[in-house]
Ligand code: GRF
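Only one chain is shown below, in structure tokens, and it's the form predicted alone.
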């Protein structure tokens, strides 16, 4: 079983990226992170990458050739698996075709519930609370041309407490589920490589 060459895409703080870095450094994953890419120049995820001597690359989304530059960057780093870890941009069809079956995403809900256009970040948890759901969770899934419609790799749930706010639910799902199942999903895919 060999490790995979991971290209991790982030748009924010990169706490899911940190869970992957930790798993690589402590030997839970055989894979290596070969690049961290963001569409946000100030994304703290890029700082996390630099702090671990990983290539941290900002690609300007306002540049007309963003998708082409992203694809070429992944190819230059010989990425085997693209990991969307809090990446808030829709992936281009050409990239999906080039990495068919080799792009995964973590989503903070029990897909297919609360997935698709407009359901990202805190908006997911607000919708869960507003609907009075009794449970929520997170899903790691393959990326296809739909939004949050790819095949599920792993999914875990937890109870939504009566006193939960969107913010408290978001924090619990992130710390209790997301950070763990993203690493577990990569480990599963290592076994298939």
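Residue numbers count along the first chain shown, from 1. All values derive from a computational prediction rather than experimental measurement.
Heads up, the form predicted together with the named molecule isn't pictured, but that's what we're talking about next.
Participant: Is residue 91 close to the named molecule in the predicted complex, meaning a heavy atom pair under 4.5 Å apart or at it?
Facilitator: Heavy-atom contact with the named molecule at 4.5 Å: absent for residue 91.
Participant: Would residue 86 sit within 4.5 Å of the named molecule in the predicted complex, counting heavy atoms only?
Facilitator: Yes, residue 86 sits close enough to the named molecule in the predicted complex that at least one of its heavy atoms falls within 4.5 Å.
Participant: Give a yes/no on whether residue 104 approaches the named molecule to within 4.5 Å in the predicted complex, heavy atoms considered.
Facilitator: Flag for residue 104 set to no.
Participant: If you look in the predicted complex, which residues in 113-127 sit within 4.5 Å of the named molecule (heavy atoms)?
Facilitator: Contacting residues: none.
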